[in-house]
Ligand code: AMP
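Only one chain is shown below, in structure tokens, and it's the form predicted on its own.
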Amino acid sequence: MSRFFEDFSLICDKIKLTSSKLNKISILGEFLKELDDEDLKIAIKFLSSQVFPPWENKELQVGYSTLVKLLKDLTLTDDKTISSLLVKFGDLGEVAEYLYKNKKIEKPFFTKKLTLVDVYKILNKISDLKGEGSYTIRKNFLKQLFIDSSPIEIKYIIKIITNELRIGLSEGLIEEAISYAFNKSSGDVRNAYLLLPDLSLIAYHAKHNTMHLISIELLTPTNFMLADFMDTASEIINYFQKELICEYKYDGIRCQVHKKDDKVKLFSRRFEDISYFLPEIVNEFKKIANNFILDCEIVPFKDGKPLPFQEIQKRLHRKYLIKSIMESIPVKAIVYDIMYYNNSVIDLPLRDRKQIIKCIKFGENSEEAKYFWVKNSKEIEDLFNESISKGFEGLMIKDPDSKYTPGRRGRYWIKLKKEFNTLDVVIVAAEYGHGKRSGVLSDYTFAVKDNDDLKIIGKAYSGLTDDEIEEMNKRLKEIAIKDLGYKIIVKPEIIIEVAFDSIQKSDRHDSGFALRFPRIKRIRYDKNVDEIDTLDRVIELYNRKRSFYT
């Protein structure tokens, strides 16, 4: 029989109440040992805030307002009380637990004791509901789930639905708990997760001693190989001291193209299936022989010239893709690497993978990325200038002997960009503006990663268009977790690329640093919080350029 959901909730509370990472790992590890296969996978999904993997294109479609209304109806609580409790707790799950403990909930004589499987199946049914009348049915499913819940259960059901577990359990700690539970090395678990980004399946394989069977799979996204930064062409040449592969750095959406027989799927950096938005790319790759996984950049091109990055974003964030948008923003897949060609090729050196790409017959909407062999800094500098003149971002310089290492940022691929002073950061708070922006969230506080924490490094309010500000205002309100009146605290999930003049030490922010004259270069819909820059990166930039800082 499946474990009771209350057991899971109690473990979550126990993890939350300990500050020791080692204790969190052992508490969770001991719990995982006791679970059967189905419960194990469900528990890991809930703990990872991934009820459904992003590539499955499944969403709960349960809004914050629906949850609040259900709580109000079941606990006979008014709007004012709910609002004051939200300010006090900053978390709707905590508010629900408080109300269940302090209000009389009208329940039928018989209620069901919920199990992990029960909760997962109900959430799965809710996600499958579509069309007319689905809202009412969805609400009824939730109402029954809420009625069957105890105070601690309602807290964690809501936390799971809203992706706000917040018990101090990072992805890395879940990996360590899997290692602890099934006597596997943390390195092996991490390596498996880089190939197959689904911790629920990693836990299953760890339990059954089948982790050696994990590999990249067609139609399931894997992690992308990541690049490092260097400042100058001479630094790159001095580091490698050998002939290198050099490519233009395209300013588009990074994409994995998976083809298996007659099926083609396109995945973003966040593992989302973006095939619907790029039908011409899908149809073109369907015509190509063999099964493969390609690493490419989807670039908007018109009249032989690249369009601004923001144009491709317009295609990816529409409910419906219409012909006029496709015609005004034509796209092309620029393919620069390959991970699978009838079998995995990630262990081959880049120079050999490049030769495999030449076997593919591309069409009108795709092409092999042009690349050059370079031996000295002048050749790199000349190509850099050529890249900029063609409207690209800069250069990628790559070690020809490097394997494809999913999810790893090593000095095998190096970025040389036009704008050195940019960072990818996550918005953690937003304030209301003034003047024409009065009543609009338009001043954004952002942070970088510091191990498992986020550290604030600045605020920015310039760089977005009026339309982008309007969209951002809506999105921020949807992910608000605390309302302080003049500003809101939000779930850290909106990534922006910020340009700045310099970095200076500062006690205004908990990072110890502040960006000087920050401005938003663009919203990075294609990235998630795991991909933002780190505090170590900030310190590195500060140390390199400190002689110029004031």
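As the structure is a computational prediction, the values presented were derived from the model and not from experiment. Residues carry their position along the shown sequence, with the first being 1.
One more form of this protein, predicted together with this ligand, exists but is not displayed; see below.
- For Y250, a non-hydrogen atom is located within 4.5 Å of this ligand in the predicted bound form, even though that partner is not displayed.
- Not displayed here, this ligand is kept clear of K24 by more than 4.5 Å at the level of heavy atoms in the predicted bound form.
- In the predicted bound form, K491 stays away from this ligand, with no heavy atom inside 4.5 Å.
- Put simply, D91 is far from this ligand in the predicted bound form: not one heavy atom of it is within 4.5 Å.
- Considering this ligand in the predicted bound form, the lone stretch of 443-451, 322-330, 250-258, 276-284 in range is 250-258 [heavy atom distance within 4.5 Å].
- Taking the partner from elsewhere, every residue among E297, M396 and R524 has a non-hydrogen atom within 4.5 angstroms of this ligand in the predicted bound form.
- Of the residues given (K125, K302, R411, K417), K417 alone sits with a heavy atom within 4.5 Å of this ligand in the predicted bound form.
- Interface residue among R315, R269, K159, R353, judged by heavy atoms within 4.5 Å of this ligand in the predicted bound form: R269.
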